[in-house]
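Alright, here's a single protein chain in two forms, structure 1 and structure 2, each given by itself as C-alpha cells.
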Structure 1
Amino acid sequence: MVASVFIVDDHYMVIEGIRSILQHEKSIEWAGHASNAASCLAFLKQQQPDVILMDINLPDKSGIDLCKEVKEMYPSVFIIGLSTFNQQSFIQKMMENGASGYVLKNATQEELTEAVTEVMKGKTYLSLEASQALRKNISAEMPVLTRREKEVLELIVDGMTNNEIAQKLFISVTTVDTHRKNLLAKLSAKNTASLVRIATQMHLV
C-alpha cells in the first residue's frame, strides 16, 4: 500500500530534506507541501493526503491548533507532529488533538518511513526521544494514591457508580465521593471520563 504524504513546515530546507529522504521510498508518494496553516487548509479542500507531517511552529497558527482543526474536518487523515522541540507538553497536546505520531526533525529515513507505515496501520508512532520525554515526565508527575483510592479508582474505571462502589467496599457513599474528589484533584481531571483516560495513560489501572 502506497501512502501519500504532505508536509506543513515554514522552513524550505526542512521540506526539501524530508522530501529527498522519502522520495526513494516505494511505499511513499509525495503529495506536496504547505508553508503555513492557511495554505494547508486550502490544499485539503482540493484533496486529502493519507498522512500529514505537521510542524508545531507555523507562522500563522500553532500546529497543535491546526492538528485539531484538520482532524475535525478530515478525520481519516493521519497527522504526525514534526518538531525540533522534544518537550512533553508539546507531544502530549499534539496527541490529545488527534495526532497519530510525533517525530523530531533530526529523524532518520528509517524513522520517518516507519512512522508513516505505522500510523497508516492505525497505530501510534513516537520517536525514541519523544517516547522517552513522555515517560520521564509521566513518572515525575505520577501521583501517590492510597490503597483505598486505588481500589475506588479501579471500580470507577469499571464503570461503577458511587452507590455500587460503597456497597462493594462496605463504606459510605459520602466516603466514596470524597475519594472520587481526591482522585480528580490528584490526577488533574475535570470529570470522570478524563479521570479514566488519565489513569489509563499513566498505567494506574
Structure 2
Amino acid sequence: MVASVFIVDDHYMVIEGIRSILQHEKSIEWAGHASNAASCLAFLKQQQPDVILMDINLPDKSGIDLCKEVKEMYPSVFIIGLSTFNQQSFIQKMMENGASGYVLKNATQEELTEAVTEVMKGKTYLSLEASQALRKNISAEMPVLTRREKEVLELIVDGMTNNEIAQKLFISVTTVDTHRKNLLAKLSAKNTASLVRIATQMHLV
C-alpha cells in the first residue's frame, strides 16, 4: 500500500528537504505541498492525501487551528505536526486537535518515514524529543487557565492596567485584580514583569 503525503510549510527549503527524504521511500507518494493554510484547504477540496505533514507556524494561521479545521472536514486524513521546537503546549494542543503525530524538524530520515508509516496504521507517532517534552511537562507545570484568565492575561501583556481592563470587559476593577492574583499564583510569577515573561515564553499569548 502506498501512502500519499502532502506538506504544509512556509519554508521552501523544508519542503524540498522532506521531498528529497521521502522520494526514496517506495511506500510513500508525493501528493503536493502548500506554503500556507489557505492553499492547503484549497487543495483538500480537490483531493485528500492520506497524511499531511503540517508546520505549526504558518503565515496566515497557526497549524494548531488548521489541524482542527482539517480534521473536522476530513476526519480520515492523518496529520503529523511539524516544528522546530518541542514546546509542550504546542504538541499537546496539536494532539488535542486531532493530530496523529509530532516530529521535530531535526528528525532523521528514519524518524520521518517511521512517523508516516506508523500513523498510516492508525497509530500515534511522537518523536523522542516530543514525547519527552510531553511527559516532562504534563506531570509538572503548564497551568490550566480559565477563559477569563486568558482574556485578562492577554490584556495585561498588551500593557493595559487593571482599570482599563475592567472598563474593556465591563467588570469591576477588583475582579480584574482577583484574576490577576490568580494568574500570578498559577504561573508562579511575583509581579507583572515575570508574568509577562512567563506567558510569552510559554507561548500562552
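FYI, numbering is relative to structure 1, first residue = 1. Nothing here was measured: the structure is a model prediction, and the numbers come from that model. Rigid core: the largest C-alpha set superposing within 1.5 Å between the two forms.
Just one of these is the form predicted on its own; is it 1 or 2?
The chain shown as structure 1 is the form predicted on its own.
So with the core overlaid, does the Cα of residue 20 end up 2 Å or more away between structures 1 and 2?
Not so; residue 20 is displaced by less than 2 Å.
Establish whether a shift of 2 Å or more occurs at the C-alpha of residue 38 between structures 1 and 2, with the two forms superposed on the rigid core.
For residue 38, whose C-alpha is compared between structures 1 and 2 after core superposition, the shift is less than 2 Å.
With the core lined up, does the C-alpha of residue 51 move 2 Å or more between structures 1 and 2?
No, its C-alpha moves less than 2 Å.
Could you state, for a rigid core superposition, the Cα shift of residue 155 between structures 1 and 2 in Å?
C-alpha shift for residue 155: 40.8 Å.
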